[in-house]
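The form predicted alone is given below as one chain in structure tokens.
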Amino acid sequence: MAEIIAGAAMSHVPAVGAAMDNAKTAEPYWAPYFAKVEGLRQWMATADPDVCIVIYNDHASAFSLELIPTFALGVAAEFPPADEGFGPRRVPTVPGHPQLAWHLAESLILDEFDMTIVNEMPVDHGCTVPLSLAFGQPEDWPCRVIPICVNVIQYPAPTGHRCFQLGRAIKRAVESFPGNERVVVFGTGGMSHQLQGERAGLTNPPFDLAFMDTLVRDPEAQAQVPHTTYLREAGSEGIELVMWLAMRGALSDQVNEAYRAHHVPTSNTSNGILVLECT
């Protein structure tokens, strides 16, 4: 059967992608952050997964206020980088895994998750920046990718508990797939940041570090934290952290923390990286 070997969580800050795309990673502002990315890339190179399931949120690239799925699953053979207003990122087209993706769709829906099945979908920085963080700037991505979009843009967003249970359902689905794929699940977004309003520019590193601690040791407790806590402590965009809970739910109860990094700020975001190996 297929197997989830680990989860990786990281922020998907668009400015990070722009720094890589425009050869600015060695500049004084960016160099300290990208030095911390190396641990993630070394781990990914050693793990060499066959598939990455990337849980992220779309930023009005594939969807709009006219169509807002709570959970959307991409089942295509490939996903082009989206044009977010400045042209598509100069990164490879993202290769899909239709067989496993359709298996996930069937398993998740029969497991009572109402997934929106997407046959054609551009992927924006929410998906491509995590891939760049994990794999650098290759000519082709070294593994196949299944994108899962979570709505954290338009109220009401799914709860942390619902996202954690989605991860549990993803785990059951992968383990019932009759293949030998080694899978890493990405949880993306966050950490604390707010892009507008009176608290624009907010970061809360103590909250972020405590979140990572609890996510590792007691994820079910973290899954009970309400939206209002994320909004108050981590800013309006801090709600993206529920996607880290989806990643954690897809792992074994006990995990080995293989790598952790934290950096403030990247652009206006408290930026975290976390790699958890299944035991």
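Predicted model only: the values in this text are computed from it and were never measured. Numbers for residues come from their place in the sequence shown, where the first is 1.
Not pictured, yet referred to below: the form predicted together with a small molecule.
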Which of 72 to 80, 115 to 123, 193 to 201, 96 to 104 lies within 4.5 Å of the small molecule in the model of the complex, heavy atoms considered? The stretch 193 to 201
Considering 36, 232, 41, 59, which brings a non-hydrogen atom within 4.5 Å of the small molecule in the model of the complex?
-> 59
Residue 25: touches the small molecule in the model of the complex, heavy atom cutoff 4.5 angstroms | no
Indicate whether residue 267 is a 4.5 Å heavy atom neighbour of the small molecule in the model of the complex.
-> yes
